[in-house]
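What follows is a single chain, given as structure tokens, in the form predicted alone.
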């Protein structure tokens, strides 16, 4: 029993943080919602579980590989210096092997389920690791676009698996995620501006200033809400849920105006939290609508 408790403790402290559980959980929720927007989970529970398993492995794998590659950056930033690699709780070799293994298992599982689904899952992993993290993150503030593309792949993959092809609804859901990503990344870039400068990472605030960054966040947040509402309409969501998405969108618009007119760190982070809640709530409504 003590050995089991020690193993669980090591898993939680050393390896679990490598997967960024909150981020992985949100992306996993979008993938499941994408599939359930086309197929009722009650009659396809085996596939739902396979979607959850394959996406969890692929997303966790890509995140772990990213942490392996960015370990030097993480060590310089106060926000990330506590992570397992900078604190040497695990070795870079362990992290790389784990990340590659999780990625291979996730993509392999996805391909075994359906070739199109698997290709989209692989595309998300490739954009996240190769294009965003390795190629662009240290070179361009616009790397967030590729980060947004990879973030939209789980919902697109889930939808494509459900309908058998890539349709405009799936593409619009992915676009909503792409437009939501700046709210997440740029808010952090402003809040931890000094950290990113210390790590020599190009960001929107450092290149274009805080005012332009706030305006970008405001516009992208509103466009994300519009894209999500359009996708919900295309799915055929019940009128009650559509109205609720409309109400939540008004809240997003209000915060977007506030961040532009009367900017403050509290409003910035409030929009970040609200945008995440909006996206999670929209995905939950998609699931509830088909049950």
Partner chain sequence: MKPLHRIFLLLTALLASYQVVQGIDGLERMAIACYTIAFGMLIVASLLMMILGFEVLDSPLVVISSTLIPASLALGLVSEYLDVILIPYGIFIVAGMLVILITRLAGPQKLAVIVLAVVHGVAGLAIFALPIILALRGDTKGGFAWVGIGGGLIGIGGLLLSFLKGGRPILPRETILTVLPSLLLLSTAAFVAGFAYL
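Numbering follows the first chain given and starts at 1. Note that the structure is a prediction, hence the values are computed from the model and not measured.
Beyond the structure shown, there is the form predicted together with its partner chain, which is absent from this document and is the topic of what follows.
**Q** Please name which of the stretches 227-235, 255-263, 30-38, 45-53 has residues with heavy atoms lying within 4.5 Å of its partner chain in the model of the complex.
**A** Looking at the other structure, the answer is 255-263.
**Q** Can all three of 86, 99 and 106 be found with a heavy atom no more than 4.5 Å from its partner chain in the model of the complex?
**A** Not a single residue of the candidate spot has a heavy atom within 4.5 Å of its partner chain in the model of the complex.
**Q** How about residue 69: is it within 4.5 Å of its partner chain in the model of the complex, going by heavy atoms?
**A** Residue 69: no contact with its partner chain in the model of the complex.
**Q** Taking the shortest heavy atom distance, is residue 15 within 4.5 Å of its partner chain in the model of the complex?
**A** No - in the model of the complex, heavy atoms of residue 15 and its partner chain never come within 4.5 Å of each other.
**Q** Hey, in the model of the complex, is residue 223 touching its partner chain, heavy atoms inside 4.5 Å?
**A** No, residue 223 is distant from the partner.
**Q** Within 4.5 Å, heavy atoms only: does residue 280 come near its partner chain in the model of the complex?
**A** Result no; residue 280 lies far from its partner chain in the model of the complex.
**Q** In the model of the complex, which residues of 239-263 put a heavy atom within 4.5 Å of its partner chain?
**A** Sequence-ordered list: 240, 241, 243, 244, 247, 248, 251, 255, 262.
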